[in-house]
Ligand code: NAD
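The chain below stands alone and is given in structure tokens; this is the form predicted on its own.
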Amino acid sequence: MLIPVEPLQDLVKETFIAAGCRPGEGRRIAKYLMRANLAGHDSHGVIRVPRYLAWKEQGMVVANQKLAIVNESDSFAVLDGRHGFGQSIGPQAVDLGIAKAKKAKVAIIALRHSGHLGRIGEWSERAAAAGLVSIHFVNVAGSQLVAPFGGVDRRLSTAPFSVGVPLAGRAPVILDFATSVVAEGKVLVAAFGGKPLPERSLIEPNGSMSQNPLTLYGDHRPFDPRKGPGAIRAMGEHKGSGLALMCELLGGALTGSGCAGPGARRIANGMLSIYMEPEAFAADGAFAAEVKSYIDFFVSSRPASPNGEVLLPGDPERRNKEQRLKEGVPLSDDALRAILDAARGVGVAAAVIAAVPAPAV
């Protein structure tokens, strides 16, 4: 069913405030989760609410944190997120990177021990809005979900990767993807009765391919990716597996946040980000002119199908946002029921809950 944006976002905000977040943090969590839904990345949207609350209850994520500076120079910083919600820690880390790059022309920010940072393209967009090119290597310490190319055992997190390039006079190019065939959140969406998984996106212990979410979760409720027998596959065969490895080494090991394994580790995002001022590389608008010329050339390729078109990274997200702001956010009845139950569980006011359409009985 389609849920109107404003009452759903208000419900999420009030849920986290009732759970112990300060009002500003509750608003940020709701805003960024909803922005993920609007972009069409439902895996990183409001479906995460029950899991975020469970993580807070378990002490894996801590409310109302500010990041700590471990080490820094004019163009470099190592930051510790103190396991705070990524929707609070992420903007702090990115804004510091932007400020340093504006002064030093290039900046590298190593963020460790953050709560779930959500849709990583959000941070590329934030840097692009400030006129900067940015690159982000991300991993999830303690999250073994993905089998490397040629294997069946879990060894990697879903290890997101994102690049943002600002374009003069038009929306930026935003590349943003998990290095697995699907993000774990997309498996969660499918498990709740949402969009089915692509064929061959998961792998069983015997090496057979699967698209059944229970391959990852097993027959457990609530859904817990640690309980299933199988794994998500790396995207792009050996190429995606190699990029995921680099996200683990750079986002996990180099930042000091820790890699996906071995052994049990506290779940946390690490992110290595590079921020660049384009004018420092090509002055007098040369970068912007070359980018515009090449983008025009890129999209001028003849479509492969009669009704097809060549899109830029970020175009589908912008179209989804326009449509969903008008029509609402799609949620399965099971997913909506879980969110509403979570809100009731922390004592959200009945009027706030009643403002969201009820799922089918």
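Sequential numbering from 1, following the sequence displayed. This is a predicted model, so every value here is computed, not measured.
Keep in mind that the form predicted together with this ligand is missing from the display, and what follows is about it.
Q: State the residue from R154, R119, R233, R112 whose non-hydrogen atoms include one within 4.5 Å of this ligand in the predicted complex.
A: Checking each option against this ligand in the predicted complex, the one that comes within 4.5 Å is R119.
Q: Can you work out which of M34, A63, M60, L312 has a heavy atom no more than 4.5 Å from this ligand in the predicted complex?
A: Result of the distance check: L312.
Q: Would you mind picking out the stretch of 91-99, 158-166, 75-83, 212-220 that comes within 4.5 angstroms of this ligand in the predicted complex, counting non-hydrogen atoms?
A: In the other structure, the partner sits against 158-166.
Q: In the predicted complex, does every one of H136, S241 and L250 come within 4.5 Å of this ligand, counting any heavy atom?
A: Answer is no for this spot.
Q: Verify the contact flag for E125: yes if a non-hydrogen atom of it lies within 4.5 Å of a non-hydrogen atom of this ligand in the predicted complex, no if not.
A: E125: no, not in contact with this ligand in the predicted complex.
Q: Any of the heavy atoms of A183 lying within 4.5 Å of this ligand in the predicted complex?
A: Within the cut-off, so yes.
Q: Going by a heavy atom distance of 4.5 Å, is V146 a contact of this ligand in the predicted complex?
A: The answer is no: V146 has no heavy atom within 4.5 Å of this ligand.
Q: Tell me, yes or no, whether A288 is in contact with this ligand in the predicted complex, where a contact means a heavy atom of each within 4.5 Å.
A: A288: no, not in contact with this ligand in the predicted complex.
Q: Going through 170-205 from first to last, which residues have a non-hydrogen atom within 4.5 Å of this ligand in the predicted complex?
A: In sequence order, I174, L175, D176, F177, A178, A183, K186 come within 4.5 Å of the partner.
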